[in-house]
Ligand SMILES: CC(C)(COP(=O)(O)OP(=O)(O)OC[C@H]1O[C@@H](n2cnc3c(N)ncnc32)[C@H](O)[C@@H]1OP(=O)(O)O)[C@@H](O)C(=O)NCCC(=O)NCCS
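The chain below stands alone and is given in structure tokens; this is the form predicted on its own.
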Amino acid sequence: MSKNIIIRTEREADFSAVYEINCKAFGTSEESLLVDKLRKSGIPLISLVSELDDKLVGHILFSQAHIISENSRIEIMALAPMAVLPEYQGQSIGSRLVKHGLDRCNQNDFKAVAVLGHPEYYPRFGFEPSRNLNISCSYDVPEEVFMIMELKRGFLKNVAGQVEYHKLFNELA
């Protein structure tokens, strides 16, 4: 089945299907509403969908975030949310969305990506605990669930600070 999956850039015609995918995957409309608001915010976004036989079955969003320190403000991307319809989970659709999304971030010259997610899932793509890089999350979350990945090797070598997501994420916190 996976060879029939197409990963592509989200289009305006996809918005309602993406809303439903996020609602069904998370069991709430919070992430769906966040995606809608982030689209309207004007910040840099990478939004991809997975399509199977002309049906949208997954979605991933990367949005601009920053690592803030005493002396700097470094732009990175934040992966959130990533959703696959429940009946299609466990079929590598999410993995393909993550890989394509990271590739797109890299192509758009972003140097690092942060994620707040499952510590058993995201390391397979190259994410590591952010504490290993002296970077923390602005939210009060367990250390092991906040991870970061360098897309450009050594980009975070001399960086320390706290990742701040777009203010719209505060509505979820």
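Sequential numbering from 1, following the sequence displayed. It should be emphasised that the depicted structure is a prediction, and the values quoted were computed from it without experimental measurement.
The form predicted together with this ligand is left out here; the points below concern that form.
With a 4.5 Å cutoff on heavy atoms, H118 counts as touching this ligand in the model of the complex. Shown alone here, Q89 lies within 4.5 Å of this ligand in the model of the complex, counting heavy atoms only.
Contact check for A25: a heavy atom falls within 4.5 Å of this ligand in the model of the complex. Although the partner is absent here, R124 sits close enough that one of its heavy atoms falls within 4.5 Å of this ligand in the model of the complex. Three-residue candidate spot P81, V84 and S95; every residue lies within 4.5 angstroms of this ligand in the model of the complex by at least one non-hydrogen atom. In plain terms, the part of the chain that comes close to this ligand in the model of the complex, with a heavy atom within 4.5 Å, is 25-33 out of 25-33, 64-72, 131-139, 38-46.
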